[in-house]
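Included below are structure tokens for two forms of one protein chain, each presented in isolation as structure 1 and structure 2.
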Structure 1
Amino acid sequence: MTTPAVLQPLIAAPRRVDVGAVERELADLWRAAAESSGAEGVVLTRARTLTLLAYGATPEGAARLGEVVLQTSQRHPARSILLVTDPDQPALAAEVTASCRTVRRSHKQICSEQIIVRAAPDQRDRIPSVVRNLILPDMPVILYWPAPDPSDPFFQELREVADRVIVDSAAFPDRGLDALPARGLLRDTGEDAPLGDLTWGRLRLWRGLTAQFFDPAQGDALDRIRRVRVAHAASTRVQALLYAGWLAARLRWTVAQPFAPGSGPWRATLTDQRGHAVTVSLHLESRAPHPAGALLSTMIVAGAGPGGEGDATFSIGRNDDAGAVIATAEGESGPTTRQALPLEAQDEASLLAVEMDVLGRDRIYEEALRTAAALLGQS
């Protein structure tokens, strides 16, 4: 495993400046740093491939986001602009700083710059105009806001500036059928910036293993699926919802009866392309501590086929002791197959860095999100 590079601040502490003087202060910072590094025989490179905007609704949340954004700069050297709503801020102010990583076996330092814009709650509406003056020209702009209110005009203004918007749907408060504002995130205008989601990345391994079940040898079972069971950890159902939405969208099932909230498992009825009913259920299971809403297991049951083949069960389970996800396919009389893959590292910074690799639309994710909206009964 490769050891992550250590990031070093270019200056001891962020410099506080007026919002109108950010560019001038950055130019002074880089000029002084270049002179100092040149005297020490170090090659300093100011690397900027995009502008990354990140919004923190509280100073505490912004501090955490700042660390996440800093780590992504190792993969995506960028100008990062951290936007903070701070009730202790009298008006609108900015801070500038930079961090560098040293390239091994050389004296080269690759550096990225960070800008922090703080606004009092009643000054927040001024942030978008400040952002427009600070984004890098002719480079992509990515907005990372983990759990926005899609109807918030402030979010919509920032969304218009961005070339891509990334959320973390697991961060939305679990409000029953309103846990995922899917329709609000995917307005069918065709003009919004493409949408990404860290929770979609968390499902990558599960989606891949599910797809492998139905290779040409088992492909006929797709037409015989009658039941899908998804178990998830506490605090949010979003991963389970997106998995069910993805499976239903890929198989072109339609929602006949959406989920209804209750004290037990959530159940929905869908119809496959042949008109047969498929039951999908989401189950909260309390086990050892897991990340919010993490998938614990999935089970897909296919009925008997016209050739006399019996029921088939395709299951995936999380085995924390083994540090793996184990996929098992079982037929009534056929062989049992098992496959184990290691659990992937899923920290926020690595998931965000992967999402930042994509600038176009992820059509499969959008279809999964729309189907999840239908499962929630959202119009």
Structure 2
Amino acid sequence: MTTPAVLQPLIAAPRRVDVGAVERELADLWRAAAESSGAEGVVLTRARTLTLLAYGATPEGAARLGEVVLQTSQRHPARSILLVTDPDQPALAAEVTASCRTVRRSHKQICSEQIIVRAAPDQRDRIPSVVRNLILPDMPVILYWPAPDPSDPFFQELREVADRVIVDSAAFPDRGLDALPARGLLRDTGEDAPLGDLTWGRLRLWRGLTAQFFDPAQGDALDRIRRVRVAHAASTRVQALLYAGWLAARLRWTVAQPFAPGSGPWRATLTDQRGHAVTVSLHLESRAPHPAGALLSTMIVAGAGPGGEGDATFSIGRNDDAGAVIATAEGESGPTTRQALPLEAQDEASLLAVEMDVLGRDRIYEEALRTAAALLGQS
């Protein structure tokens, strides 16, 4: 998020209430807050642009998720409903609270409300009916569940309520060549809530810089790409795979030879629209501590052209010392450019907030995911 602000709880501690009394308790909370703020000369505004559902399978996981969800309210004032499976919970219970941020240079406070629904593991199936009762009428509903099991009926039921489901591909366990469980969430029928992915957001800067290389002055080089090299940090290949899948899908390359298992770099061969071979390789590098699976560098090499154009190299590198990503285009005969952009905030809350900007289907992501799966030999 661009303007981090301090969030302050509206009340000292969440209020425990019966699940049937949540709305009434919230109304009381807002009435009391309006009265006290008026006396203090503060203008309090309850803002709600959507309902955000988030699920934590454990109380600890849910507590962390609660913080993430809370931070997104700075960009997307929402009613957030945190769903928790809690073995210490006898049945089903709820808590309500609210948090506010002060608008810069004013006496205004913008507040969002949070509801926590706790269920004993054997009571989890009751949660969806509670959710249906608490979502804001006629407002978008977003479900954030970092790594769901697509076959879990509980997930499926929540997905039916949501207008969009956001996952984090990098949060699924890395399973080698079966490394894209998010692909399983993409159904071809288009009936389910569209899918978003925090890992897709992690690539935004890299995709933008890659696209910038090929502004019209260098546009013809796209037809001459022969090699793509992607280096990534340890733990997961998902970012690198999605980047390669995105590039291949956008440039309409088809997979001729998918990645094969092995201990060294992964290599695949694709075919461009003119029938030329393009080699794509993924390299695990451990130069310094980096976020799991983060892209470290990319290099796109274009061959000589029929019009006398020389080889050209388009490189992007992560420079942690400078806190920047640096993009360089160099050609034997063509122009040279170099530009740096600051490394974007890639914490979970920032990525989720950006992903929540989109409410419909993200066709580009879906195509990238499908092509990345094809690179793994999956359909």
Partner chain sequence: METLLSDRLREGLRLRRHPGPCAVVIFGGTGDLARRRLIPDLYNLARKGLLPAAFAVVSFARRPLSDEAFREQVRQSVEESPDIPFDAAVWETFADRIHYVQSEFHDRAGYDRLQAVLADLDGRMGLGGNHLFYLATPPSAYHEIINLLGASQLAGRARRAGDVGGTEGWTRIIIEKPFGSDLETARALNWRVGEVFDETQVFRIDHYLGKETVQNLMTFRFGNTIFEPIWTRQYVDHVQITVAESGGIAGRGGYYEEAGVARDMLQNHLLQLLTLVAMEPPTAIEADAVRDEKVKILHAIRPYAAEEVAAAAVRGQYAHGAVDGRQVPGYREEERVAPHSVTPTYVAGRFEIDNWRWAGVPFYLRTGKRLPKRVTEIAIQFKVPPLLLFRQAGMEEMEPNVLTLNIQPDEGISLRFAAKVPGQATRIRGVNMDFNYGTAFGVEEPTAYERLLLDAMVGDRTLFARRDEVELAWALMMPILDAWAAAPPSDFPNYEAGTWGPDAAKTLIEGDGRRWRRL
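Bear in mind that the values here come from a model prediction, so they are computed numbers and not experimental data. Under this definition, the rigid core comprises the largest set of C-alpha atoms superposing within 1.5 Å between the forms. Residue positions are counted from 1 along structure 1's sequence.
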* Out of structure 1 and structure 2, where do we see the form predicted in complex with the partner chain? -> 2
* To do: Align both forms on the core first, then report whether Ser281 has a C-alpha shift of 2 Å or more between the two structures.
  => yes
* Asked: Would you say Arg267 moves between the two structures, meaning its CA shifts by 2 Å or more once the core is fitted?
  -> yes
* To do: Indicate whether Arg202 shows a C-alpha shift of 2 Å or more between the two structures, with the rigid core used for the fit.
  => no
